[in-house]
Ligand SMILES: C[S@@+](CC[C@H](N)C(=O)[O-])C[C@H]1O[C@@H](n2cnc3c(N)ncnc32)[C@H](O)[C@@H]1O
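In the block that follows, a single chain appears as structure tokens, in the form predicted alone.
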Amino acid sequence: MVHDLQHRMLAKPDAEEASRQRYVLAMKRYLTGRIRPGNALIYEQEVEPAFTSGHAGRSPDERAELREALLANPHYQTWCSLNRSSQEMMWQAVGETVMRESERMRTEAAALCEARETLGGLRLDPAFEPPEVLQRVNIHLQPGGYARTLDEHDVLAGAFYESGGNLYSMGRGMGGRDSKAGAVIAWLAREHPTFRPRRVLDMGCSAGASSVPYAQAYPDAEVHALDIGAAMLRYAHARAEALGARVFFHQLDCAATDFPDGFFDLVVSHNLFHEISDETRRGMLAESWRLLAPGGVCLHQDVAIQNATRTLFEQVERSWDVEFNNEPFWECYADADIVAEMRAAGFPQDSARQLALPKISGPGHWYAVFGQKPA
């Protein structure tokens, strides 16, 4: 956890809490590096042969039947159980620190956000109603979910999100060199070296870890960010202020904002696609088109799980999050043809395309879609 970006809003574990968090981190790494690779092996050696022998020699051709066959295998059952347990243990370990630090963080947030001269801003809407599914489902098993707000000073959703994210991302944290925003900024610098946005919008900003890097990379730009939870946004605003970043946070639906047409030069999102429904995603892309100024760019990044490029086994194994990690829209995103949806939203045929976005802080790449409004 030594790579975490330190700031006044971060929940700071004591020695015993840090020890438990390191244990959970070690367990997650072991499950990912040592146990999960066995899933493919048992599929080839046990699951598929057993299935074909019981189905007149044919292999599974639907996700549902392959999922059922995998879940009957003891190795896969063990991995599912341990992986789920590690996620629950993560939130418990993080929660000990967050709850112990809750009053301090509330005080810090008040001091940062109620100062006479804040750098950015926070706009909450008491009448805003988050989507029902996000009120009902604790995404990633996060206690209370993204939308939980206890009172007018609550910051717990954001505190859980950042501290949990530091463990969930295998200890790489949500720091200033955040690999998602950093990957987008680096790509823009390479491919559009003269691009200097005047206004930036980060859709689905959560705790603001991907919003702050845009304020740092484009110091002359006006950076805005939106999400659905008041406590999440309150934490994000205080966090940005603690880091000296000028970001304006808004409680808004990414598919129906109230910004004027053509208001932004750059519209981005990070790991949002897999958290929203098909309807919301299409509305978000239409809103991206509406909000872009002539010559403006949108670049939406997410995890690379597209089913069109995966075997049936890979599709099922990567959809573990749907069944066991409270990710109701994971497969909606994996099945989507987002480039086609961008073109339907208005982006020109030759503008909308998908990218393999190189990661900044590790091997591999992110999935991303790019679009530009004609000048």
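Since the model is a prediction, treat every value here as computed from it, not as a measurement. Numbering starts at 1 and runs along the sequence shown.
The same protein has a further form, the form predicted in complex with the ligand, not shown here; the description that follows concerns it.
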Output flag, 300, 321 and 367 jointly within 4.5 Å of the ligand in the model of the complex, heavy atom basis: no
Per-stretch contact check against the ligand in the model of the complex, the hit in 240 to 248, 81 to 89, 116 to 124, 273 to 281 (non-hydrogen atom, 4.5 angstroms): 273 to 281
In the model of the complex, the one of 215, 98, 291, 254 near the ligand [non-hydrogen atom within 4.5 angstroms]: 254
Contact assignment for the ligand in the model of the complex, among 200, 93, 226, 305, heavy atom within 4.5 Å: 226
Partner contact for residue 210 in the model of the complex: the ligand, 4.5 angstroms, heavy atom: yes
Interface membership of residue 206, the ligand in the model of the complex, 4.5 Å heavy atom rule: yes
is_contact(residue 146, the ligand) in the model of the complex, heavy atom dist at most 4.5 Å: yes
Partner contact for residue 131 in the model of the complex: the ligand, 4.5 angstroms, heavy atom: yes
